[in-house]
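Presented below, as structure tokens, is a lone chain in the form predicted on its own.
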Amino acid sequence: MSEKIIECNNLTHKYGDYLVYEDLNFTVERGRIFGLLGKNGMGKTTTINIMMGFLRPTSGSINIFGEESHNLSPQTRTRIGLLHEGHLTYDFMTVEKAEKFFSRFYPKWEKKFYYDLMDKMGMNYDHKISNMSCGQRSQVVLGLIMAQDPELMILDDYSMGLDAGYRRLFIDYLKHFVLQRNTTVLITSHIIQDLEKLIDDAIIMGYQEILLQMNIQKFIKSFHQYRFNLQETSLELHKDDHIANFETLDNEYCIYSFKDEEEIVNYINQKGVDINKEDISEVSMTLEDAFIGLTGKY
């Protein structure tokens, strides 16, 4: 049986009268990379704050390694590597001094993970953090987190400040690290396309609700985009069991759905619009396309 590293049970949170979400449930198993996805303001960072005990939920609970999140022991906290809302380092330190300083606080410290990443960047060990670009500083922090050799990594918007090259470097390094160490990862990011070949499972958070909880490859394979044109008639659409989302522009229609093409054709015919399979084209989607299709562009 797989070990559950994170267990979120009926989590509800409000800020005053504002409901962030209600009855959120998910589990993250050992060795999996789990994406907590959603637009800004949907509750991703709130969930991480609750997870780390920085915030108490209105109701429900999160357990990490079997302990309640608001009462994590010091021993359990040393098993967690946290990147939280930015990249904080001591600017006066060099690459080497930062490693030596942080190594004192973590009993399982493995400096080779840090220096391997620094070497891949071509970074001199006497390079001062204050003289680095934002992307280089970000990689220093990410390397320090890996050197903790945590059993669980929580990365809240790891991509902040990273350009495309640095993001690719970190994702490749993270995948290798996870396979080597059987590390569990919970990750959020605004750069959805980076996650397609990285995360195993995901929740997509919408406004006060969970839009999806699924293996990410299953989501990409089972979620469809259909396009068609109606010249002489109009079609009234609403979100329902067949339509996850839709867009219209003049006579052009775009439907996002978990249903197959034949079911969509029958659905449209039942609305009094005569259409057949030859009139509809399915458009292939990346994870980013599917994410936008499910959550909407606005």
Partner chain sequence: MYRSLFDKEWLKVRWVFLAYIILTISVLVYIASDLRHTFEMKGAIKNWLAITIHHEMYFSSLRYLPMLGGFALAIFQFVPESFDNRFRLSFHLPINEIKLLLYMVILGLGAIIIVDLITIGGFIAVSSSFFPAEIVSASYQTMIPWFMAGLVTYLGIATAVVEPNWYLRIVLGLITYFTASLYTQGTIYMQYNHVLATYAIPILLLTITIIFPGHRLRKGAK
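Numbering follows the first chain given and starts at 1. What we label the rigid core is the largest C-alpha set whose atoms superpose within 1.5 Å from one form to the other. On a predicted model such as this, the values are computed, not experimentally measured, just so you know.
What comes next is about the form predicted together with the partner chain, which is not displayed.
**Asked** Closest heavy atom of Lys259 to the partner chain in the predicted complex, within 4.5 Å or not?
**Response** Residue-level check for Lys259: no, no contact with the partner chain.
**Message:** in the predicted complex, does Lys239 come within 4.5 Å of the partner chain, counting heavy atoms only?
**Reply:** Because no heavy atom of Lys239 falls inside 4.5 Å of the partner chain in the predicted complex, the answer is no.
**Message:** With the partner left out here, check for me: in the predicted complex, does some heavy atom of Lys111 sit within 4.5 Å of the partner chain?
**Reply:** Lys111 lies outside the contact set for the partner chain.
**Request:** Spell out, yes or no, whether the shortest heavy atom distance between Phe102 and the partner chain in the predicted complex is within 4.5 Å.
**Result:** Yes - in the predicted complex, heavy atoms of Phe102 and the partner chain come within 4.5 Å of each other.
**Request:** For the three residues Phe228, Lys277 and Gly296, verify that every one has a non-hydrogen atom within 4.5 Å of the partner chain in the predicted complex; reply yes or no.
**Result:** Zero of three within 4.5 Å in the predicted complex.
**Message:** Only one of Phe177, Tyr207, Tyr166, Tyr106 gets a heavy atom within 4.5 Å of the partner chain in the predicted complex. Which one?
**Reply:** Only one option qualifies, and that one is Tyr106.
**Item:** in the predicted complex, segment of 269-277, 32-40, 248-256, 50-58 with a heavy atom within 4.5 Å of the partner chain
**Value:** Correct option: 50-58.
**Asked** If we fit on the core, is the Cα of His190 displaced 2 Å or more between the shown form and the other one?
**Response** No, His190 moves less than 2 Å.
**Prompt:** Just checking, between the shown form and the other one and with the core aligned, does Ser130 shift 2 Å or more at the CA?
**Reply:** Where the cores coincide, Ser130 still shows a C-alpha shift between the shown form and the other one that is 2 Å or more.
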